[in-house]
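First, one chain by itself: the form predicted on its own, in structure tokens.
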Amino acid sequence: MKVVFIGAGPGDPELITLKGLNRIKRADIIIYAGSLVNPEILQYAPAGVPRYDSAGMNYKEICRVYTKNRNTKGIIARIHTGDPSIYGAVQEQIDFCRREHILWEVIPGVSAFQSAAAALGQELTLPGVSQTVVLSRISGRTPVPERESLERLAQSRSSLILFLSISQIDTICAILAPVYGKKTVCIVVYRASWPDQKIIRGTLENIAAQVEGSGITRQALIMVGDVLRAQEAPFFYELSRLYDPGFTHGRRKGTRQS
């Protein structure tokens, strides 16, 4: 048996990769994160195969499914939300499979931050503004190493995207405003790509009050940075040299402009 860790994407069932979808169609056992994965994804699984909702399982119980079926043929489709490599709690499962000599494979998926950027029509790396995207979270029940504290990450004023932190947006704005500036654009995207997706636009000065009024307490990303000015003021950044007619690269010779 091979365990296939599949990134199912942020919510929209069409955002799963073809490779991930094909593995689900061939699965002999399904383990899925029922609290986050869109149930529409499960309709592609073969009828009658065993299904386990990992939302109600602990680590040992999940691994028990792997070991119980290790000597049979087929695929265990372990379906995670978004991309498994980002806050996916997947490393411990991969390491278990390695230790137990169980075959495994990882199929990446579309992360919620990518879907949120798509919903906004927003590039996160604009020339002359920011060429760095920081993905992080604020400390909660899972602590963040001190070297990665929000105060330290803020110093670069990079494009910043925070997962699993919406319940502490007041604290986040208080930390970031002195560094980024209180008028810096801040956008909250709730359940990116789902039918009930919500987008709240504001600044570090007023976004917390808007979020509180919305009732959003989970499944939302916080996006901060000067690149988000494109939402209000298009073309404030430098245009890409890649398509500059005077720029030469391996596939095109630039033309001198008069």
Ligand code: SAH
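In this text the structure is predicted, and so the values were computed from the model without any measurement. Note that residue numbering follows the sequence shown and begins at 1.
FYI, the form predicted in complex with the named molecule isn't displayed, but the following is about it.
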{"property": "Answer option from 27, 221, 224, 31, heavy atom within 4.5 Å of the named molecule in the predicted bound form", "result": "221"}
{"property": "Interface stretch in the predicted bound form with the named molecule - options 177-185, 95-103, 138-146, 159-167, non-hydrogen atom within 4.5 Å", "result": "159-167"}
{"property": "Close approach of residue 194 to the named molecule in the predicted bound form, 4.5 Å, heavy atom", "result": "yes"}
{"property": "Touches the named molecule in the predicted bound form: residue 190 (any heavy atom, 4.5 Å)", "result": "yes"}
{"property": "Touches the named molecule in the predicted bound form: residue 112 (any heavy atom, 4.5 Å)", "result": "yes"}
{"property": "Contact flag, residue 118 vs the named molecule in the predicted bound form, heavy atom cut 4.5 Å", "result": "no"}
{"property": "Heavy atom within 4.5 Å of the named molecule in the predicted bound form - qualifying residues of 64-102", "result": "81, 82, 83, 86, 87"}
